[in-house]
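Quick heads-up: it's one chain on its own, the form predicted on its own, in structure tokens.
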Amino acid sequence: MLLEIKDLKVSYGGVEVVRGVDLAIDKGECVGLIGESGCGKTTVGLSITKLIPSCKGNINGGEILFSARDILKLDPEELRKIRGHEISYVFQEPFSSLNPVFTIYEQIREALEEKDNSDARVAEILKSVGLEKIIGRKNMYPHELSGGMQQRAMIGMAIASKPSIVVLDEPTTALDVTVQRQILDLIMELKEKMGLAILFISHDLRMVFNIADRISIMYAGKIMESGLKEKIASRPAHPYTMGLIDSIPSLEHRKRTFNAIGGKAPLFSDLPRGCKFYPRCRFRIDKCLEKEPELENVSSGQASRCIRVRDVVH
């Protein structure tokens, strides 16, 4: 396994927001991490290379094994060799991630491991991310590009060092639907061409169904369900996953009544006892309040954190 996260725990201001997460990504695999805003999924992504500022948050426990090395135990120099080189990031809202005072050429060149013949290499990267139109335009700044072109430039910077893993955190959120599709197609093309492993963080389950090999559903700082995309799409094994799937609009069933998830996600400072999804669950029983369920295998390649899984899975 290329990357393994084991029992990761992260807190902000003394409040634990990642409460024991396990996640694994193999070479050439795309894993989707899904959840509502504020569930802790971005924190998981940032924790992989210890990008959480120490003044804001702390990684309190767990292991993050990358090629059998525990990233959490590396010194700053060793970490610098991994961050942005072996593990790269692409964030949402590309304009805020690009440096406005440096040209696109300068920013991609900075990400290259080898600086020799850098202009030719930058041109090659621009072509690979569909930015042929700006090849040779060395004085072009981020503000001169559209949102979709900015995100392509960000992806170009991310792959410039030929990483093993790319973490994509809501990479299409600020883009219109047509451009979203183009960016997703580009990501999948690069994955196949370069053999990239991808952690795709999103709140959009339908989008992740299109690109992921395996999916982990996150809620209140823990994984509620994980498994192969095909199994989760056809036979979800947790009420939260069922609610997310039922909330996906469908052109085929336009008259269907949505079974939307009621209520809202709890605050980490005031989590309910027992199952954290209990207040919003349509299958809840009193026993769900006794203790928080463990993540248990439902079938080969699928696990769920629900004591009623045998009753609710159809």
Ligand SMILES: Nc1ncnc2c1ncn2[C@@H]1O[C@H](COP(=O)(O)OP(=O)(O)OP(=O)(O)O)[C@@H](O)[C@H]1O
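Everything numeric here is computed off the predicted structure, so don't read it as measured data. Numbering starts at 1 and runs along the sequence shown.
As for the form predicted together with the ligand, it is not shown, yet the points below apply to it.
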{"property": "Exercise: Gly32 in contact with the ligand in the predicted bound form, heavy atom 4.5 Å", "result": "no"}
{"property": "4.5 Å heavy atom contact, Gly28 and the ligand in the predicted bound form", "result": "no"}
{"property": "4.5 angstroms heavy atom contact with the ligand in the predicted bound form for Gly61", "result": "no"}
{"property": "Close approach of Val17 to the ligand in the predicted bound form, 4.5 Å, heavy atom", "result": "yes"}
{"property": "Contact set, 36-51 vs the ligand in the predicted bound form - heavy atom within 4.5 angstroms", "result": "Glu36, Ser37, Gly38, Cys39, Gly40, Lys41, Thr42, Thr43"}
